[in-house]
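Presented below, as structure tokens, is a lone chain in the form predicted alone.
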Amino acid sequence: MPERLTWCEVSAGALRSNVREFRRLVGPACRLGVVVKANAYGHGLVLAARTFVDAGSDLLCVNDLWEAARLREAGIEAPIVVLGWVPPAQAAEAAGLRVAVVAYDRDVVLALDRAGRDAGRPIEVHLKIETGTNRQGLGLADVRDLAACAASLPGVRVAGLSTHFADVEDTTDHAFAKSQLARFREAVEALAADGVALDRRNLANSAATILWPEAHMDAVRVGISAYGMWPSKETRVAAALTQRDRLVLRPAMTWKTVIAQVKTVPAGEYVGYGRTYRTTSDTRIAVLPVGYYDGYDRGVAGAHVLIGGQRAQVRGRVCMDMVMVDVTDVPGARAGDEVVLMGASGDETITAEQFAGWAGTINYEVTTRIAESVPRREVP
């Protein structure tokens, strides 16, 4: 099978280093969970998951059973928590995959109970309390009712309580996030009063794990930062204010392609669809075999790539399978040369955050939108 002309290199060393940093941060008693949903934030589900487990992650978090099944098929036996919805019809598959399930629906819990009894072992359930994000979850009264129901069922074990912060990454004013933490603690206390013993209290994402030791509790769910990226500029500022910015995060991904053609376009000619760019002088244009089909955002403005350690600006519209860049000031550029779309080349670096700025989005979306058809190659 011919190799694709665009690919991602994922540094296993960087992933391991990030896990070690978070282990140091949370200590040995807290269970370190790493989120590998969305193709491990674009880094390759199996590649990243295996590396995280080898580096000391206690558990893996996925969005659905399809992702869990891929990990089990790859021989990964680490504990898995399914963060997204598991339909009642998939309860038996959840039992077979030996996963823990986040639940907030009585029908799901009843189905899991039947599946757990059939499998001969209870399924671990993490109830979801709504604290202000208004996405998944139940209010306190409903969580208490569901916990009472689940506690009476032999096929499930209520092990955890979870929630999710709404804006901890988006601001340095954490008043709302602190109120969510307080609501979570209230729910833990209420369930304890009801006789529900929890050993998997978890609500800390990357930002909360970095900023608040009091949010670590029994387990943390580290996502974006396990891949070497800060959740936001605001999180980094807040960390600096509390002297918790000493965390060393190593970005793990480099995205590459090659030059397919170099040609001189005369002054006054247009480049690309819609005639959005016109040369003002004779210009050397390189055509790259990558486009928005591969996840290179069509809406980028002011974007650059790196060729031989030099920046080359994108010219004209990003096409489905092609990008044109100006290599007038890269005199040796020729067909076959390697191009860095994101990552380091020489003394220059294009970060996911910089790319996100060009595309008007966030670093999370930049990496997760790189198509799964783009190969992920493990490098040291």
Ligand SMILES: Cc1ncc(COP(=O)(O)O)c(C=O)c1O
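Don't overthink the numbering: it's just position in the shown sequence, from 1. Everything quoted here is computed from the prediction, not taken from an experiment.
The form predicted in complex with the named molecule exists for this protein as well; it is not shown, and the discussion that follows is about that form.
Only one of the listed residues (201, 221, 236, 304) places a non-hydrogen atom within 4.5 angstroms of the named molecule in the predicted complex, and that residue is 221. A heavy atom within 4.5 Å of the named molecule in the predicted complex is found for one listed residue only; from 263, 246, 275, 135, this is 135. In the predicted complex, the named molecule stays beyond 4.5 Å of every heavy atom belonging to residue 317. In the predicted complex, residue 100 stays away from the named molecule, with no heavy atom inside 4.5 Å. Taking the partner from elsewhere, residue 169 is found to have a heavy atom lying within 4.5 Å of the named molecule in the predicted complex.
Interface membership of residue 37, defined by any non-hydrogen atom within 4.5 Å of the named molecule in the predicted complex, is confirmed. Contact with the named molecule in the predicted complex, defined as any heavy atom within 4.5 Å, is confined among 37-45, 24-32, 339-347, 325-333 to 37-45.
The three marked residues, 83, 206 and 364, each reach the named molecule in the predicted complex, with a heavy atom inside 4.5 Å.
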